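First comes one chain, alone, set out as structure tokens in the form predicted on its own.
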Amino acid sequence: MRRLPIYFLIDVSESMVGEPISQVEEGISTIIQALKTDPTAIETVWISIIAFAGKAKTILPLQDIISFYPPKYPIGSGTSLSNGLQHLMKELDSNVRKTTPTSKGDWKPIIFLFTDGVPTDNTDAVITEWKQRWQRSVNLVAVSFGSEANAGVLAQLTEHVLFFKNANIDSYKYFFKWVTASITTSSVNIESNGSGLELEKLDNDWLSKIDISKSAPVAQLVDDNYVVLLARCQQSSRHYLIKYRKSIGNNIWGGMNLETRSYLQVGAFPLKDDYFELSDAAAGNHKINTAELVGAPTCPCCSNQFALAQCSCGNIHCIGYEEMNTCPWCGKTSRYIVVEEGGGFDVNRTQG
């Protein structure tokens, strides 16, 4: 039986921390469980999962769906689409069977790319290579989780660029059912369908096709849709992330309607030890003034009251109500001051 390779190329950058990555983790498992009930899918579909942030990593090598065991998904710093695509092409080179004079190779692979942000690196070279080597040999479906992804870059990779309105848990359930149905239909009709891809009908309330003719690539080294801060717990020394999401408001000043930008707190999330494995150590230093940040969470590791305190060494950690606190980054013990309302100070932000 010829194989139908399915690759999930998943953005696990810091902006995915929290509910998005949890829903992806659960959704992929739901897809596989559903495929295991379909006899045709069991015989044809093979699955691989690749995660990318500042670096890329194979989370699950290409394998049949019976052998599938739900993996854990890491979080890393940055959104290097270049590294993600380079890694994907290496996997395709190594694992996709080509047709020979004596045997038929795999069916045309299907790739689902999930991303919620903008690339934090220059993608020109890798996109050129993708077009030359793989664009016509695979079916790529790029899905923007929310409206913040750079559709202009995705449009250079494929004509199938979709906008997933990840508004609530029901929308995630709908989305992963749609992916499952598209894989099942493709596997059933693959011999009669020349392209090997049959996407299910879209529900425009949750999933719609993006007009790529109106999307231009945007060069950006920091995902400006989010502000994500890397911090450490003073009590346990564990790392955690504080995540804010961009909000645009309107203010009337001098008779003019002006847009104002701020970042609203999403939450604080403890990190696993593999965070730095997928992070780009060469990323530059980027700053944000705390006056732009709305809301301050408690520490997700020890419940200290303030998760956003900055030591003179420049790093962020949590503090409680104690007069003296010790920085878990540099070990210095100091007295901390509270910034007056309306004031702010610059802190290091990740690439997001």
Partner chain sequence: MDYTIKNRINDILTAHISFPNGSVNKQYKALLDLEKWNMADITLLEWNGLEEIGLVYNEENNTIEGIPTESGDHKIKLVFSVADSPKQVKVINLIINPDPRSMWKDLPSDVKDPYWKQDDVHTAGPLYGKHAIAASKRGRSHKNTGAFRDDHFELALNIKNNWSVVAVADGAGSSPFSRQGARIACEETIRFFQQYFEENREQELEEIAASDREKINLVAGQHMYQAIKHVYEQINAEAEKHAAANPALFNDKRKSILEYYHTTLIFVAFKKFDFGYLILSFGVGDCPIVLLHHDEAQLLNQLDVGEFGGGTRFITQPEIFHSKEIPVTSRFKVTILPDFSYLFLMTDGIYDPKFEVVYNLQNAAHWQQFMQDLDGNNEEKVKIDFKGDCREAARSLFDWMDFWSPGNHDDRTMVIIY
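Because the structure is a prediction, the values reported are computed rather than measured. Numbering follows the first chain given and starts at 1.
The same protein also has a form predicted together with the partner chain, omitted here; what follows describes it.
At a distance threshold of 4.5 angstroms between non-hydrogen atoms, residue 132 is out of contact with the partner chain in the predicted complex.
At least one heavy atom of residue 70 is located within 4.5 Å of the partner chain in the predicted complex.
Contact check for residue 324: every heavy atom lies farther than 4.5 Å from the partner chain in the predicted complex. The shortest heavy atom separation between residue 177 and the partner chain in the predicted complex exceeds 4.5 Å. Heavy atoms within 4.5 Å of the partner chain in the predicted complex are found in one stretch of 122 to 130, 153 to 161, 83 to 91, 229 to 237, which is 229 to 237.
For the candidate set 296, 291, 42, 313, a heavy atom within 4.5 Å of the partner chain in the predicted complex is found for exactly one residue, namely 42.
Using a 4.5 Å cut-off to the partner chain in the predicted complex, not one of 10, 58 and 181 places a heavy atom inside that distance.
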